[in-house]
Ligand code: AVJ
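The form predicted alone is given below as one chain in structure tokens.
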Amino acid sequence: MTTLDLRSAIAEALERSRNRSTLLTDAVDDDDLVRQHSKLMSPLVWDLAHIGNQEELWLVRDVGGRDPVRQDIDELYDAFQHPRAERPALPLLNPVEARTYVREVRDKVFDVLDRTPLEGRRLVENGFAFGMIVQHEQQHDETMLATHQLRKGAPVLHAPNPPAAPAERLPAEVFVPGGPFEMGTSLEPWALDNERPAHQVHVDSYWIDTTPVSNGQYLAFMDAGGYDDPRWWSERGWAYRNEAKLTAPRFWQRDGDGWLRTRFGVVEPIPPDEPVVHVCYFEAEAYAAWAGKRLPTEPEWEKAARFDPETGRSRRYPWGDEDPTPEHANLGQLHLRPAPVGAYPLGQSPLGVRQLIGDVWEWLDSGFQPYPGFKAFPYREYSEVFFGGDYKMLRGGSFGTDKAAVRGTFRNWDHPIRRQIFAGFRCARDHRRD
């Protein structure tokens, strides 16, 4: 890619991210922007100004060497200084000020992009700093989308439904042969520090579900009394189930003998063929035990997603090395729901596993740990401070994840009790040799 092409690609990614941020913040009035819709989330106006502040810190001041735009607000928008529950009480920029601020920062960023050599310094090599900021904005856009899901009131976001699944009979599981494969990356230009470096990992043979677990399958677990039977729950999971009084995925509600869900302000029947979403790790773990299976580990998920048995190499994505398109995966908020299980045949892995990218983040039975040879870059607070904490891994992205913020190596993590995120799961099991 030439320098001109790289600058153009960066500019397009920056514009796509900002257009999405604008959509998510312009969809509601100023009262909704400053309101905290859940103590789990920041006010939308905090997210917007935080996006601009991170962009100013890294691109305007560091990469561009320019004078600060609003140095006086750095502490207000430092995510480590103020827990989300406390942010509404801060003297935040109001909606007009926040929009003015992010626009001023972005104007300076495009000037920096035009004038900065994209080489000679690791932070700017291949446009890394710009890619890091694109991913940061898109991650907050997905967070803001989750805030919209928590918001009460009439629907304000609209999108067409995703494509239907092809009329074909898929196997319930796919066999993944044991052996080594390359996990992580040392080559992906915009890969973040926790994805690096590439390294060999041995995985024993196993079976993995062809598709994520569907609402219909999860309803069978519920109908069988799964939420009331401690046999299926880990000790910690059962304790949380009782503490939180879990009886169904978040945003579901009883309707006579059936169930409804609320999706971005729309109350609708549960679609049985969609992947289940808004379940925590403990619910996924319990379902898997009830089904006689388990959750995949992080290496198992990545091998199923990337390993090509014909060549022995690991791909960037399940379908190959080309960037995602709408034919490969349900990404980028193009649809405000997961696609039916079995959709996106062009996005399947070499082994035949589907919907590993997009639709729902997938809970995995692994904690967040560094890879061998890990080096924090460009700052410890992105990954290193979270290693070894009370987290479970999530892989693959959701319908709310942008293509810039997901790939076969991208790693996400969260507390195992989280349910507001767009997370589901698929199951795996050991390969038993006769």
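Residue numbers run from 1 along the displayed sequence. Because the structure is predicted, anything quoted here is derived from the model rather than measured.
This protein has a second form, the form predicted together with the ligand, left out of what is shown; the following refers to that one.
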Item to check | Options 112 to 120, 133 to 141, 67 to 75, 222 to 230; stretch whose heavy atom lies within 4.5 Å of the ligand in the predicted bound form | outcome: 133 to 141
Checklist entry - Can you pick the one in Arg395, His50, Arg407, His37 that has a heavy atom within 4.5 Å of the ligand in the predicted bound form? => result His50
Checklist entry - Given that the partner is absent here, does Asn412 sit within 4.5 Å of the ligand in the predicted bound form, heavy atoms only? => result yes
Checklist entry - Might Phe374 be said to contact the ligand in the predicted bound form, defining contact as any heavy atom within 4.5 Å? => result no
Checklist entry - Do Phe387 and the ligand share at least one heavy atom pair within 4.5 Å in the predicted bound form? => result no
